[in-house]
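Here's a solo chain for you in structure tokens, the form predicted on its own.
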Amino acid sequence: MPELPEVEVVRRGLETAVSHRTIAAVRVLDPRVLRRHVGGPDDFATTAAGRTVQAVRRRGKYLWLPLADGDAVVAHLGMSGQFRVDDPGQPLPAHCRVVLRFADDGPELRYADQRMFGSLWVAADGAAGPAELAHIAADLFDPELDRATLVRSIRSRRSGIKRVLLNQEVVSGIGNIYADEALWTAKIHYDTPANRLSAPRVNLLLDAATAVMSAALAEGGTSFDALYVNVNGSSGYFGRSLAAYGRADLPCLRCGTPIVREAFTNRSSYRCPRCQPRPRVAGE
């Protein structure tokens, strides 16, 4: 699933491509991606048409296009959702589900989704922030983030620290890739109870997450396959710089010990068994 750097790359591309343009018409090719739009596909098309996009905003892994009259078109990319900006004469991308044509007859905005976990909807009065995203916490790049409050929130939890990092109601935007990278950088095992970490160690971990996501953003994000691309179809190259994620059996870049891959919920975690030893159980 695209994480904060990938979604931010898409946001920047969309901001340049669609801001201050008026939607002339919407073509719905597959209504399943509109399952969160209460009125259904026909209502989505008629509601979005004739509206002017003011900008493109992001909250964690969600995007929204504020419209001039106060509503917003909201998007979650899911596992494989993609926005493409293409000239109208170009063939539609594979798995294209929705097409937005603009009044200036310039490049269209096309939404494609192979696995169909993404969604689009119009949020009434959502320009400043859709109500459906109210439960999503601020991310590490949000200027309004209160770091001290976040550290206290993390340290109040008994769950393993990776579970806490992935909880979008605690801090948004961090997914499996960047959690593993941040934990490797901070030398913390993913199953260490959050309430056993000192405030300085939590701050170190958050600094590591910020740094690794900043580096990923500078390289266009992380692409392992064609499921994540920017609005122009280009891939991100941060995958070449990963220190832990996806490097099972390769030597740790710090100590040389082979990286291990371990089951984590319905995913995997990657760590160095020497740099990130398993936390001791109470009483050991």
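None of the values given here were measured: they were computed from a predicted structure. For every residue, the number given is its place in the sequence shown, counted from 1.
Missing here is the form predicted together with the DNA; even so, the following discussion is about that form.
Checked against the DNA in the model of the complex, the residues 96, 138, 116, 85 give one hit for a heavy atom within 4.5 Å, which is 116. Across the proposed site, 32, 36 and 158 without exception bring a heavy atom within 4.5 Å of the DNA in the model of the complex.
Among heavy atoms of residue 20, none comes within 4.5 Å of the DNA in the model of the complex. Within this chain, residue 267 lines the site of the DNA in the model of the complex, having a heavy atom no more than 4.5 Å away.
The DNA in the model of the complex is approached by residue 163, whose closest heavy atom lies within 4.5 angstroms of it. At the 4.5 Å threshold, heavy atoms of residue 245 reach the DNA in the model of the complex. This chain is displayed without the DNA, yet in the model of the complex the stretch 61-69 from 247-255, 213-221, 61-69, 38-46 comes within 4.5 Å of it by heavy atoms. Residues of 194-208 placing a heavy atom within 4.5 Å of the DNA in the model of the complex: none.
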